[in-house]
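A lone chain, given as structure tokens: the form predicted on its own.
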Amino acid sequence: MSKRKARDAHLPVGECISQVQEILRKRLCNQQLPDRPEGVEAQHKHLLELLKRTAVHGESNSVLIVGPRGAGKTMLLKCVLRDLLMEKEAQKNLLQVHLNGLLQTDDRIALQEMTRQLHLENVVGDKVFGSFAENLNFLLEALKKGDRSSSRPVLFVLDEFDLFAHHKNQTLLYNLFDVSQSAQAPVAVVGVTCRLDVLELLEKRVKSRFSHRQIHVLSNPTFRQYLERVQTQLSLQPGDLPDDKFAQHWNVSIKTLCEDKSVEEALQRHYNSSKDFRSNHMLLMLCLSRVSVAKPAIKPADLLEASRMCFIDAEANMLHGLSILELCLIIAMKHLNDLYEGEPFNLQMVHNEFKKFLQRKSNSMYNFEQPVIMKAFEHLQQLEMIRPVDSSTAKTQREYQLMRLMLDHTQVMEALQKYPQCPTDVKQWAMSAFG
């Protein structure tokens, strides 16, 4: 079959849908890097030039990539590394060590991971070193034992960089920055962090050895750009599908979707809430999961439902799993909040408010012993629906510890509407002005 015929082939709808889902899933789950990172072209060029100087010309460098979560810091770094390794010299010589502050929680673990990633376990063997610096110097010296007279360039990537600043004496950071300043080995240290004040965490001796280069990644598109990004993310590129006709139909349906007024309003709400790639991809993945052979396109109703799922309130959802007693205590707290304009309360006050409700009842369904009420109150504290006003109140008798309700009026009322088999009198009590 000729290429043209293959391109114009009409595949079964089910096969086309499977291929579309596979292509978009790879895109939205960051399994496939974009050809050009969006909105960070200048940062991409700067970082690529910096790392090229280490990988190709043997010049040591250090840099921090700073930006909020989901802004595309890791994507930027991965794109730069992919483009860097297209250089023959870098591909042949560059060694990479990737550390993460969440995993390498102290310098000993970090050193073991470095040794493993540089494949130097056999060289280190059972040798005992006095200090971290000796260990690191030995590793870098060991890299010179190859055919080349000089050491191979090493790239150290420190993800969650701010967590390494909490290591004892910041020894790891001190030694890495120290090596990146000296001429003993070509080393590039790249820190990735979401802490804008990260330099304040560094000790003076560490800070003095850092180059103070920072690359800021901030995802701050206009709403029009955000809307275009949604359309681009969901559209198919030429050649993605063998069935050109289906691909065209799909792209037309996506364009129509993005022009829908209700969809635009839903996306405006997401844009106002968070402009980052991660939350955007989560929304689009939920839309994509609703596509099937019976429904071979994303409809406005699918996006609205996906949007509703993204905004589901986790705390309000937890209220659905509470016992009737715990729910009654929450309502009593809500009434106290209304009555005393958000002033803190204690268990005794909540119990008194609950008693007022019980006095209206003839049945004994809600009569609970004091220890049971205390246990329910403690459970609400464990769920962080209530919190102590001051941590120093630990010595105060438990009944009199001042607390604050961490839920607002709307969350409580919404949860009551959805609570399974919620007694009518409890609902009426919640809706009354004050307990």
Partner chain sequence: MKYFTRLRVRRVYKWRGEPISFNRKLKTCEYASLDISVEGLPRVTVIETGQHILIEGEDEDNPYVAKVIRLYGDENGKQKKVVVQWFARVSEVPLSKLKLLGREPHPQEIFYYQGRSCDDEVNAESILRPVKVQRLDGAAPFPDSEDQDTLYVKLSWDSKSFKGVDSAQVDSDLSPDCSSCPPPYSRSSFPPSTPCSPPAATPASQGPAWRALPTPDLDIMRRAAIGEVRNYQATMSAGKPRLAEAESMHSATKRSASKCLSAKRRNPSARTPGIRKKLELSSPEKRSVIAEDLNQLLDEDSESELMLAQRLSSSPPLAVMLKHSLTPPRKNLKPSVLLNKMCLSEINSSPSSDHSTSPQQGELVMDEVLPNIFVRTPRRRNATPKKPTRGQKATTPSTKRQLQTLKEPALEMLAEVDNESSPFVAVTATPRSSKRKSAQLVSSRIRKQLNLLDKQDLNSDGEDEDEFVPSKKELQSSSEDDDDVEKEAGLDSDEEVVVKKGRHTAAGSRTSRSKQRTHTSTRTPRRTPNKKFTPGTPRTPHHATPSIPCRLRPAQQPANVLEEARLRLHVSSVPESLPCREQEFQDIYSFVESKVVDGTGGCMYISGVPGTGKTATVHEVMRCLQHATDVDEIPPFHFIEINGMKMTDPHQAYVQILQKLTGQKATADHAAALLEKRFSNPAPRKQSTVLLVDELDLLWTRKQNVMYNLFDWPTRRNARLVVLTIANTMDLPERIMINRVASRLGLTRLSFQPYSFKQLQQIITSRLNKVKAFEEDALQLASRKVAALSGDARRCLDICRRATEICEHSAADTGLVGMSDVMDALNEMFSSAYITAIKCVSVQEQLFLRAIIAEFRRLGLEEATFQQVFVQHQALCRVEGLQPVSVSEGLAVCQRLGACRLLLLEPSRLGVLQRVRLNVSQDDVLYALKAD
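Predicted model, so just to flag it, every value in this text is computed and none were measured. Take the two forms, superpose them, and find the largest set of C-alpha atoms that agree within 1.5 Å; that set is the rigid core. Residue numbers count along the first chain shown, from 1.
The form predicted together with its partner chain exists for this protein as well; it is not shown, and the discussion that follows is about that form.
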TODO: Decide if the three candidate residues K168, L196 and D276 all line its partner chain in the model of the complex, where lining means a heavy atom within 4.5 Å.
DONE: yes
Open item on the list: Even though the partner isn't displayed, in the model of the complex is H379 close enough to its partner chain, meaning a heavy atom within 4.5 Å?
Closed with: no
Open item on the list: How about T222 - does it come within 4.5 Å of its partner chain in the model of the complex, if we only consider non-hydrogen atoms?
Closed with: no
Task: 4.5 Å heavy atom contact, L322 and its partner chain in the model of the complex - done: no
Task: Heavy atom of E89 within 4.5 Å of its partner chain in the model of the complex - done: yes
Task: in the model of the complex, the residue from T105, Q348, T256, S211 that sits within 4.5 Å of its partner chain by heavy atoms - done: S211
Task: Option touching its partner chain, based on a heavy atom within 4.5 Å in the model of the complex, out of E305, D240, E228, E141 - done: E141
TODO: Have a look at 78 to 86, 92 to 100, 247 to 255, 232 to 240 and name the one stretch with heavy atoms inside 4.5 Å of its partner chain in the model of the complex.
DONE: 92 to 100
Task: Residues within 4.5 Å of its partner chain in the model of the complex, restricted to 409 to 423 and counted by heavy atom - done: T410, Q411
Open item on the list: After superposing the rigid core, is the C-alpha displacement of P344 2 Å or more between the shown form and the other one?
Closed with: yes
Open item on the list: Rigid core superposed, CA of A110 - does it shift 2 Å or more between the shown form and the other one?
Closed with: no
TODO: Determine whether the C-alpha of K418 shifts by 2 Å or more between the shown form and the other one once the rigid core is superposed.
DONE: yes
